[in-house]
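Given next, in structure tokens, is a single chain: the form predicted on its own.
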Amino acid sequence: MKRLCIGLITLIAVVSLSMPVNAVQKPAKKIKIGVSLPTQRDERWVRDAQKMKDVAKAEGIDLKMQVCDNDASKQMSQCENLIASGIDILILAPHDATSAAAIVDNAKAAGLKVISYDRLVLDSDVDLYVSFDNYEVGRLMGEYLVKRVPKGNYVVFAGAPTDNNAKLYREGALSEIKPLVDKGDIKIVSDQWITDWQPTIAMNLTQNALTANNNKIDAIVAPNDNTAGGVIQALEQVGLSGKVLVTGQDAEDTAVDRILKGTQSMTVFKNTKEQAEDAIHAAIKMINGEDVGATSKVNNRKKDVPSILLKPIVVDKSNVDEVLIKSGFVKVK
């Protein structure tokens, strides 16, 4: 009996030591994620920001977000403040792909990992890239045009020269257009970059191209939906809206409206809501030391960066209802 009592006491002691005592447990440290975005001028970046906030709230994450309004020096200062505030990881969508490498260096010096979001930070030791196959986005735009206008005068616009994605979109589009240029079927009458993706600049450049070519333009590569809006304004002024094929990407509400009206030919749908969600979940996994599930690698001139790349989809009048409206990505007003 004595031996049995001793055994029971020992068992109780062991169980007591192994059981958590809720009254004295410290709450788990709340994860802090820093996010630096380049702008809120484009509808798609507003979507990204809101989705990140929604996901962070659902996951109980402390999200600290800054927007630099297309100012590289401001982004540097904001990121320095984020790092100093005690964040656990930085999600960085660079305004300037090259100068943002210094932001990554600062984060690394503070012992933080960095996720390059949507736009790749070049020449840097970023830990993960969450985006789309941006060369493919441009290729889809170029392919759409050459299938419908295999001959004629083309205007090729690219986005901001500071944005690595803009270069990839342009390269992708030209991979489809250039063979027909070499063949003599297509003539590129204007090839311009659009500073900071500004639609007013896109409109002015389109006006110049129309004037220089007596309004004889057959297709225009607009690098995103926002600049497509500026391009179409210029076409409307000379009665060519809906008569010249115009590309776009981001599937913004205004672009969907133009596609339904017939003034914009297509957009490339990139599910940025899914992209934003993937970035927040990847950040949480990285903080917890878990595998993020990167499926590919993209070279940023310093390293092959583990990457999560989502699939872009061409949308025009034939499938806009099925892909964007019925799915709830955009709402008919």
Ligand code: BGC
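What you see is a predicted model, and the numbers here were worked out from it, not measured in a lab. Residues carry their position along the shown sequence, with the first being 1.
If you look for the form predicted in complex with this ligand, you will not find it shown, but the lines that follow are about it.
- In the predicted complex, Asp62 stays away from this ligand, with no heavy atom inside 4.5 Å.
- The closest heavy atom approach of Gln249 to this ligand in the predicted complex falls within 4.5 Å.
- Using a 4.5 angstroms limit between non-hydrogen atoms, Tyr169 touches this ligand in the predicted complex.
- Residue contact with this ligand in the predicted complex: Arg258 places no heavy atom within 4.5 Å of it.
- Put simply, of Ser124, Gln75, Asn165, Thr263 only one has a heavy atom within 4.5 Å of this ligand in the predicted complex, and it is Asn165.
- Contact annotation: this ligand lies within 4.5 Å of heavy atoms from the stretch 42 to 50 in the predicted complex, the single such stretch among 293 to 301, 42 to 50, 29 to 37, 280 to 288.
- Residues of 221 to 238 that come within 4.5 Å of this ligand in the predicted complex, judged by any heavy atom, reduce to Asn224 alone.
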